[in-house]
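Heads up, the chain below is alone and in the form predicted on its own; it's given as structure tokens.
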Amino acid sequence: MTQPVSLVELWRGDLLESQHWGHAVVCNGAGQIVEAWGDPEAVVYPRSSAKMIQALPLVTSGAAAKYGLGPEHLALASASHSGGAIHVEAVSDWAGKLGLTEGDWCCGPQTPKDPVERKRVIRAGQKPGQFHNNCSGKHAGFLTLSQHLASGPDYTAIDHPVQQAVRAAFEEVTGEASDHIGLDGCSAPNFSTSMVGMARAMAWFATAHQRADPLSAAAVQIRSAMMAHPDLVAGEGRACTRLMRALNGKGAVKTGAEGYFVAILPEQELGVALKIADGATRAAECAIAALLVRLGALDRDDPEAQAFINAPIQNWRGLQCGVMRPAAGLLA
């Protein structure tokens, strides 16, 4: 088994102080590996990076059309949002469309990452709710599909029709059977796949417009929704939102817990998957930005690219004392 390789370095002065190791794979539309670092066959959980896959049955089942869901809803279904007012209000409206309440969600309450909403909740003496959960949009999609299928309320159970449909879609687009099932932070199942399997799935999304089957048509809708609404997919200041805005409709990126990140690049007809072995989000953000530059999707001199590939390390006085940057060989 190939070991992870150094993908991100932290320098303090002229000394390499820390390194983040991991795996990264780039696949083309045929599912072939174009470039790889580390072990393409490493099996991991893609966590929230798989949300656009989890949203596929929402569209292919006819549920999205039945309930009049638009691009904003599909972006939310694929989101790990910050729990800002824009996200909470949209999910609340979605619940009303379904005739449901916050108590029907199974993701659990979460303190908002959005600083404005977090302060509002504290000042109002309120407790964070389930709609604040970064996965509440995904769960809205699950509940919509559950209603459409007339299935029971335990929609996060592995044997529930919703999760069986998600697993079938996941295994189809990754081209692999999922041998491991983990419980995600939002209580939904998360299915394992190899690094190349996930990169293959992202390349499948990237080239979906070249095919006419229903699953590919759903993929086009979902990736287009993500690119059109980067603010809903994450939130202000978040890497997904910032990088997709910089891509300007030319690609979609999505983070996942424990240092996972993916990219869908339709113009390059490529898909990217990367995993930082120690689970560090900061390293995953640096690495995905470097790969976007390497693959020609993002200009190296773009301020948003520079913010991640030459990220300054500052001390408490605001003095720059170091820099985080891609390891040699990741950024051409």
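A quick note: this is a predicted structure, and the numbers were derived from the prediction, not measured. Don't overthink the numbering: it's just position in the shown sequence, from 1.
The same protein has a further form, the form predicted in complex with a further copy of the same chain, not shown here; the description that follows concerns it.
Colleague: Since only the chain is shown here, I'm wondering whether His180 would be in contact with a further copy of the same chain in the predicted complex (any heavy atom pair within 4.5 Å).
Modeller: So His180 counts as contacting a further copy of the same chain.
Colleague: Contact between Lys51 and a further copy of the same chain in the predicted complex at 4.5 Å, heavy atoms?
Modeller: No, no contact at 4.5 Å.
Colleague: Just checking whether Val44 would be counted as a contact of a further copy of the same chain in the predicted complex - the rule being heavy atoms within 4.5 angstroms.
Modeller: Result yes; Val44 sits at the interface with a further copy of the same chain in the predicted complex.
Colleague: Check whether Ala168 has any heavy atom within 4.5 Å of a heavy atom of a further copy of the same chain in the predicted complex, and answer yes or no.
Modeller: Although a further copy of the same chain is absent here, Ala168 would stay clear of it in the predicted complex, with no heavy atoms inside 4.5 Å.
Colleague: I need to confirm a contact call. Of Cys107, Cys240, Ala218, Ala225, which residue comes within 4.5 Å of a further copy of the same chain in the predicted complex, counting heavy atoms only?
Modeller: Contact with a further copy of the same chain in the predicted complex is made by Cys107 alone.
Colleague: Decide if the three candidate residues Ser92, Asp301 and Glu304 all line a further copy of the same chain in the predicted complex, where lining means a heavy atom within 4.5 Å.
Modeller: So, no: the whole triplet misses a further copy of the same chain.
Colleague: Please pick out the stretch from 245-253, 207-215, 126-134, 225-233 that is in contact with a further copy of the same chain in the predicted complex, where contact means heavy atoms within 4.5 Å.
Modeller: Selected range: 126-134.
Colleague: Would you mind checking 16-36 for residues with a heavy atom within 4.5 Å of a further copy of the same chain in the predicted complex?
Modeller: Heavy-atom contacts to a further copy of the same chain in the predicted complex: Leu16, Glu17, Ser18, Gln19, His20, Trp21.
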